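A single chain, nothing else alongside it, follows as structure tokens in the form predicted alone.
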């Protein structure tokens, strides 16, 4: 999360709306540990990583929807899901993320 602070501060100063995604749990093998974070600005700019690249595009879609609705949510991506290969999560585990709009 500390790695994101400089860019988050820049976005805050620019008045951008931002959604934050954080890894809150993993089951089995996971690409990133709990606490890993990624932020998405309202214009689709991304900082950080929650999966080392394997589900980031799906997380961006979820984050933009969080910004559109204002609703926090939990999302999970796992190998057992039908969409696991479609989103690129091939590590064999499941990653659970919490997404929320960032309140400046």
Partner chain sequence: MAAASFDALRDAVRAHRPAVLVTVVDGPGAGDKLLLVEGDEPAGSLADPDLDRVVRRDAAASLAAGATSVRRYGAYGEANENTVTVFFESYAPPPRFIIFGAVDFTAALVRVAKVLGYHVTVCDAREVFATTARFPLADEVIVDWPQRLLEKVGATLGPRDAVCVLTHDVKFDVPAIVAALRTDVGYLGAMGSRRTTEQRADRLRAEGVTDAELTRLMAPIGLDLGARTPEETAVAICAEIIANRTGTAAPSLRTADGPIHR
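Values in this document were obtained by computation on a predicted structure and should not be read as measured data. Positions refer to the first chain, counted from 1.
What comes next is about the form predicted in complex with the partner chain, which is not displayed.
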To verify the annotation, which of these, 70, 44, 35, 53, has a non-hydrogen atom within 4.5 Å of the partner chain in the model of the complex? 35
Using heavy atoms and a 4.5 Å limit, would one call residue 23 a contact residue for the partner chain in the model of the complex? yes
Relative to the partner chain in the model of the complex, which residues of 2-29 have a heavy atom no more than 4.5 Å away? 2, 5, 8, 9, 12, 13, 22, 23, 24, 25
